[in-house]
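Next up is one chain by itself, shown in structure tokens, the form predicted on its own.
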């Protein structure tokens, strides 16, 4: 057996015209000629994959094809004829969708209920109004926000096996779980091939398949650097933070994580929340919900979904859930662990 080497993969997220380095993943692997590395643009971000094993090339090709079709066929509210686009276009009516899309939306509604609405996919019109990350952001009118808030509410969404119905004036947005969904789709593909291990990043969501990996958690003060690492073993990891997408207006910073109760960016003492669990979708949704809920109110929610988390506060302290304490390592002297 050849000696394991340490490899560092750079993960870059592209938000429209802005490219932001959000992560470095280092992991031990057995170097072989059956390793395939590929980077490409899909789902509005950079996909980076490193797959090793006999079928690495075949798996890489199928994953790229699946990811390219995932957004346009199912998830994007912008892509005409996608499931979400058709749901929003036909608000108030039952819309036939793929069984997978219905299941993803159903799971999102479960997390909405369990988080008391902190996570809510029916903020679609509000996210479009704020348009944060587009480069064309502007501070919305208070009255407009108030009007749009009247139609926010996950309880108004109805899902059956292959159909979804939203309220007449609603719009859904799966942006907060889309990259996590992609990680779950990728995992299912990898299971079908002779693959030894893989590290796949879809923007800020990362799937670790096979060997354990050490994943860097970005420093909110400088997202091209890290303040900690955490060991991840055959799971997904996702971070939500106020430094990812934001703009400034009238001397105030407005980030992209909207509170469904207020219609404004969530007001919290957190800078970021990183969640680790088996499901990519759950990771994405839970990191958003926990950022809005705050540390203490998040603990019961995380326990219900068998998830672990790292909370980074604005006073440069860090809290780590019990299940991660042996796998977490602080690497920055600017932070302290509570």
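All figures in this text were calculated on a predicted structure; none of them were measured in a lab. Positions refer to the first chain, counted from 1.
We do not show the form predicted in complex with a small molecule, though everything after this point is about it.
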Checklist line | Partner contact for residue 173 in the model of the complex: the small molecule, 4.5 angstroms, heavy atom | finding: yes
Margin query: residue 292 versus the small molecule, in the model of the complex: is there a non-hydrogen atom within 4.5 Å?
Written below: yes
Item checked: Touches the small molecule in the model of the complex: residue 187 (any heavy atom, 4.5 Å) -> no
Note to self: Please determine whether residue 123 contacts the small molecule in the model of the complex, using a 4.5 Å cut-off between heavy atoms.
What the structure shows: yes
Checklist line | Interface residue in the model of the complex among 239, 236, 101, 201, criterion: non-hydrogen atom within 4.5 angstroms of the small molecule | finding: 239
Next item on the list: Within 4.5 Å of the small molecule in the model of the complex, counting heavy atoms only, one of 87 to 95, 209 to 217, 157 to 165, 113 to 121 shows up; tell me which.
Entry: 113 to 121
